[in-house]
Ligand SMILES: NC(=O)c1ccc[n+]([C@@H]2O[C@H](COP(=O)([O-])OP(=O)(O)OC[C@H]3O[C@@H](n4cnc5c(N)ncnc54)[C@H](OP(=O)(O)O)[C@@H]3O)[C@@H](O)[C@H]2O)c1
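There is one chain below, alone, in structure tokens, taken in the form predicted on its own.
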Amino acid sequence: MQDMTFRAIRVLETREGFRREMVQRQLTDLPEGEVLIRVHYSSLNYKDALSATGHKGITRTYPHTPGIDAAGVVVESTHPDIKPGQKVIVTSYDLGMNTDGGFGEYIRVPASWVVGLPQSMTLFESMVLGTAGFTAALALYKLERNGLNPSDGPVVVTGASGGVGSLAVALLVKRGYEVAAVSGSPAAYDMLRQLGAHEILPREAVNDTTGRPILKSRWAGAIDTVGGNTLATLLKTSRREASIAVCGLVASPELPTTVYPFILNGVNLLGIDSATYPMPLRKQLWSLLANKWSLPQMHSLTTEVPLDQLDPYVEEMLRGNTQGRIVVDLTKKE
């Protein structure tokens, strides 16, 4: 079997820049690892789009196969708890960043990266969620562990038309929260209404430029995927003892703020690092997503793309023109 070839998207670095190609690879080309998986589905995330266009902050060495998400069936395993034929999910860690990822029909990874697929979830559904859904779930989990509940008041989600943002809106609505969705894409407003957002706001609504350290309080909680001045504005406009889960920096990694929201209003800033979240809690969150927090409505807001037709979506994602989730089907061929 080691001589078998498979399809993969390969990002190549040349003198003229970076280019993407569909290539044939051999299993022996894959990195070492205890588990070989036949990938059935992956998904396109912002990190994947960056890696696919040569962003050295995401992927240091090329050629490379992106894809930070993968779901499939175990083909070979040297780990006693992971068996051939088992359906599994691999997200986070180094997959698709500096380890060949889910945009190839096979991956080989350490056993410590592998999560068994919950019984009530399909492989496709796991990639509708993927890293984006897991990140949104972790943000909600931390907010609730810090005391947030639906009776506290409205919760705002920034970057709501993106993968993490749209799933965060859906999860919050599922849990009974009043959700304000912030998006710079009017074309996404219908989608956000379908998800159950109570209010839809333009970016300008959370981009304060007055320079004041504290503004009229509004939010009982927030999930921020944007960073920069948007996050600073959320801090200024959060209610006393509110919590903000921070999981992105689409606008900026900088945070132009003061300590006043923290020492006058007791606002809590919760960091969300889904990449290395401990495995026992990782499995707990996947179980929640498969059962109590399941999101059947996301199917209608998901675009399914064969691997050989993925390329145009990479550029569209970088331009901010994609909505909801893009699931990559690696079971279909031309």
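Since the structure is predicted, the reported quantities are computational estimates derived from the model, not experimental observations. Start at 1 and count along the sequence shown; that's the residue number.
Note that the form predicted together with the named molecule isn't included here; everything after this is about it.
- Residue contact check for A111: none of its heavy atoms lie within 4.5 Å of the named molecule in the predicted bound form.
- Contact check for G104: no non-hydrogen atom falls within 4.5 Å of the named molecule in the predicted bound form.
- Within this chain, V164 lines the site of the named molecule in the predicted bound form, having a heavy atom no more than 4.5 Å away.
- Among heavy atoms of E32, none comes within 4.5 Å of the named molecule in the predicted bound form.
- Each of Y46, T135 and M317 is positioned with at least one heavy atom within 4.5 Å of the named molecule in the predicted bound form.
- In summary, the region of this chain contacting the named molecule in the predicted bound form, judged by heavy atoms within 4.5 Å and restricted to 120 to 128, 235 to 243, 184 to 192, 80 to 88, corresponds to 184 to 192.
- The contact residue chosen from G221, P261, G159, G72 relative to the named molecule in the predicted bound form is G159, the criterion being a non-hydrogen atom within 4.5 angstroms.
- I272 is the sole member of L285, L36, L269, I272 with a non-hydrogen atom within 4.5 Å of the named molecule in the predicted bound form.
- Shown here without the named molecule, the chain has C247, G248, L249, V250, A251 in 243 to 264 lying with a heavy atom within 4.5 Å of that partner in the predicted bound form.
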